[in-house]
Structure formats: structure tokens, C-alpha cells
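Given next, in C-alpha cells, is a single chain: the form predicted alone.
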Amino acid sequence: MNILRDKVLKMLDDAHVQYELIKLPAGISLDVADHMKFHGRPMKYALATMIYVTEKGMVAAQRRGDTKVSSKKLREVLGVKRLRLATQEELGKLGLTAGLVPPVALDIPLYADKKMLELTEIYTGAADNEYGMKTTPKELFKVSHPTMGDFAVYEEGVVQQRVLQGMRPTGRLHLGNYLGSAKGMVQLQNDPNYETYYMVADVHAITTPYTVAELGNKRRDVLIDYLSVGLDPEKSALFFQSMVPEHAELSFYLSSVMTVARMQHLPTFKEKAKQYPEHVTMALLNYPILMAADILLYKASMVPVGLDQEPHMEVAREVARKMNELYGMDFPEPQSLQTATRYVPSLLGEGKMSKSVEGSSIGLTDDLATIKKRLAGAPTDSGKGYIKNGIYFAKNAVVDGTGNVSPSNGVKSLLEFVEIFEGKEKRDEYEKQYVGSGIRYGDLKAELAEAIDRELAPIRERRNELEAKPAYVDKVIKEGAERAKLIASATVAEVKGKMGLG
């Protein structure tokens, strides 16, 4: 029986605190890093409670695991001149043991570093080495009622790089979105070096013509697809951009340091202006500024984007530099991050897979019969030919008026899909057939459909489960926005203060 642990748990239960008691493996060390490895979570989610001795008496200070206490800052917060860690003997007088200090039931003044408020989960001990505990700072503070202060600094080599990424809600994701973006998002989420924020960019959606009635459904579809492909709301903040109004607010402040001429010269603006000549709005012109606000709002240092977005990334870096120079902000200059994703060709053999081009894509929710039907429409040739510089030419290829032979681009796309889903050896096998006995495209497409279906089946199953749990999806969206807003509101407050608007 552990009297202190029972006291801690009773305090939490009496205050109706939501927490999870976790049985620890026998013989686990007192080292925090070992505990977080067991929990499978980055160090930032660890809660460290330390006891200090000052000339005014003993105090407890709490910080997150990716920070360390700045003695100078803590002395200023406490209003003391002398500060040192308590000895084991001094801890013993409080009924405590070094390395096993609980987060509550301390009977001395408690101070918590404000960086803890950014976290939506926290792992701590329960006063012994038998159980750990998972809760949130918000829940824990219902009992501990700490004095908040700014006394911890990020520890070099521990702090994660923050990543922001979003997709416009143009409808359910297709295979190109999955292989070209979403799969990389999952990889980043599961890498302890990154802290990930993934939004559905619904505010960006209104910069070009859209249908009001469809926007709500489309943005929810994308969020459900996020969950279906493996994005975890416990690891990543998943939210609608519009539910964090600081995106739009910061965008306006940032627009004050950029000229209209700079925005008008962007190639992406010129392209969209040609595409939508009747919809060349201020929102369209400010699209790159809104993107810069998305990134800088979270002080994200890394942004996974394609090459077509690089001009916008340069705008974000330019905005960061100007805000830093003019107003003393500390915005990082965000860099493009390349993840292990792929360019996914259209089934039609021209360009990349797109929802807007009929017959070019396979949806993540397509079943085997639908996948077979879509592959059946992919153009092929006679099945025999030659390969030159990676380009496929059928023996009976059409020759145009200038004597040029038309390439079999549809075949190239099919074989790229074979490599993605069946491996390089399988593609090599088909290429040998192409320059030899010939490819039976019916057999190729049937095998390829089966391989694609094996990858998509778990995603379809998960999506069906999620569609039957609307309350859970609502909860994920709400909590994701709240988590994002913790960072966003602090950044906007800082910007307003530095610009004289605080």
C-alpha cells in the first residue's frame, strides 16, 4: 500500500480529474527518458516536478520534459535571491523521494511553467515506480492550482521542430493525395523529432470560386480522410483553419509589410487570375500572405510542400524577415521539407492524378470493382515495343506529320503504379515482356487492382467506422482547434504587442 499514491489519486478523483493510471514494467528505472520510451511519446510530454529551497522556504516547480529550469528566471518569478534543489533529507521531511515526486499533494507552494499550457497531454508519476499517469495540464491544474510563470527554457537537442501542413477541401482524397502527401504526413507525425499541426485549409478554399453548400461536407470529408489514413489526434493537431480565427487576423497584420506589386508578380497569382478572370479578388491576391500566416502563426520551421508552392514559401520567409527586422519578432524562416512521397501520375498518362480530370484518379474509398473499372480505362498499346530514355514506344506507334513517334505514356503510368504497389522487380519483369514476348494488359491491370485494393482496404474500413461515429469526429475537430489555438493566440498576442496594438 502506498499512502502518498492513494492521497494523490483521491485528490484527483474528488476533483473529478480525468486521468489514466498506467501500470509500469517491473524494474523500470527512475530515468524520465526510459518512462517516455515505454509510453512511446516524445520527451516534451513528460512532466517534471522539482523541489527547491529558497530563503523564503521550499517550493515546487513543474516543467515539461523538453525544457530545463532557468535558475535566473525562476528566482525572478519567486522573488528570491537564493535557490537550490532540495536534498534527499529535505525531501524526506516532506514524505517524498527523489525521482518519485508526485504532481499534487505537495503541501508547499507550486509554480508551473506556462509552456505546459501548450500541451494536450502529459505523463507523470503517481508517487511510486509502480504506476505512471496520463492526464492533461488543464485537468491537473484543477487540483494543483499552480502559480503560472515563465521560467523554463527549451533544452538544446530536445525541442521538436514544428511542422504545419494543410490541404484545401476540394473533396475526398484520392490515391495521388495519399501517396504524394498524406503518407508523408503520417511519417512526420510518427517521428519524435517533429511536432505536427495538420489543418483542412477551408479559408484558402474561398479564395477561388466555390459552392457554399458543398464546402461544409468537403472539409469534413478531408478531415475524416486524415484520420482514415493514420493521422492520430493524440499525436497531431487536426483542425479546420476557419476554427482558429487567428489565421485570418495574423494574415492582415502581415499584409502591412508586403506590397501589392510583390503579390501581383507571383506566377501563381497570374495563373489563377487567368483561370478565374471574373474572380480576381483581394482574397486571391492575399493567398500567399494567408499561407505565410498559417506557417508563422505556429512558428513552424518546416513545411512539406511541392515545388509549385516554393514561390509562396519565399514570401513566407520574406514576411518573417521583415517582421523580425521591423518589430523584433523571432519568426523562423520556414524551409520546405521533402518527405518520402511520390509524384503520382494520372491514369490517363498525362500530368498528375487529379480529381478535376475525369478518369485520371482512384479514390481512397474505391472498392476493388471500382478500381478495376478505373484501371480498365487507362490507355495502353499493343503490348510490344521498345524503351528509350525511360519512354515507351509501341511497335505500331503512330507517326505524326513530322516523323515523330508518339510515346505510350499510359503504359509508363501503369508501370509506375506497378512499381509503387508491387515493387521494382515486378516492373522489371513487365518491361522484359514489353521488349520481348509482349504484355497482357488484362492480366497486369487485374494484378495491379488487387495490389492497390490491399493497400486501400484498411483505409476504407477505417473510414466506414469513422462515418458511423460523428460525435467522435466532432470531438477531434474541436480539440484539434483548441490545441492549435493555444499556440495561435499566443503568437497573435505577441505580434499585436510588438506592433503597438497590445
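Just so we're clear, the structure is a prediction, and the values are computed from it rather than from any experiment. From 1 onward, residues are counted along the sequence shown. Each form is matched to the other, and the largest set of C-alpha atoms that superpose within 1.5 Å is called the rigid core.
There is also a form predicted in complex with tryptophan (TRP); it is not shown, and the following applies to it.
- Note on the partner interface in the model of the complex: the residue among S408, Q165, S144, S251 having a heavy atom within 4.5 angstroms of tryptophan (TRP) is Q165.
- The partner is absent here, but in the model of the complex a heavy atom of Q309, alone among S255, Q309, N129, S382, sits within 4.5 Å of tryptophan (TRP).
- Tryptophan (TRP) in the model of the complex comes within 4.5 Å of no heavy atom belonging to F151.
- Contact annotation for L223: none of its heavy atoms lies within 4.5 Å of tryptophan (TRP) in the model of the complex.
- Residue contact with tryptophan (TRP) in the model of the complex: M199 places a heavy atom within 4.5 Å of it.
- Tryptophan (TRP) in the model of the complex comes within 4.5 Å of no heavy atom belonging to V244.
- Per the 4.5 Å heavy atom criterion, tryptophan (TRP) in the model of the complex is contacted by stretch 166 to 174, the sole one of 109 to 117, 166 to 174, 388 to 396, 319 to 327.
- Scanning 275 to 304 for heavy atoms within 4.5 Å of tryptophan (TRP) in the model of the complex gives Y287, M291, D294, I295, V303 in sequence order.
- After superposition on the rigid core, displacement of the C-alpha of V244 between this form and the one not shown stays below 2 Å.
- After superposing the rigid core, the Cα of K272 is displaced by 2 Å or more between this form and the one not shown.
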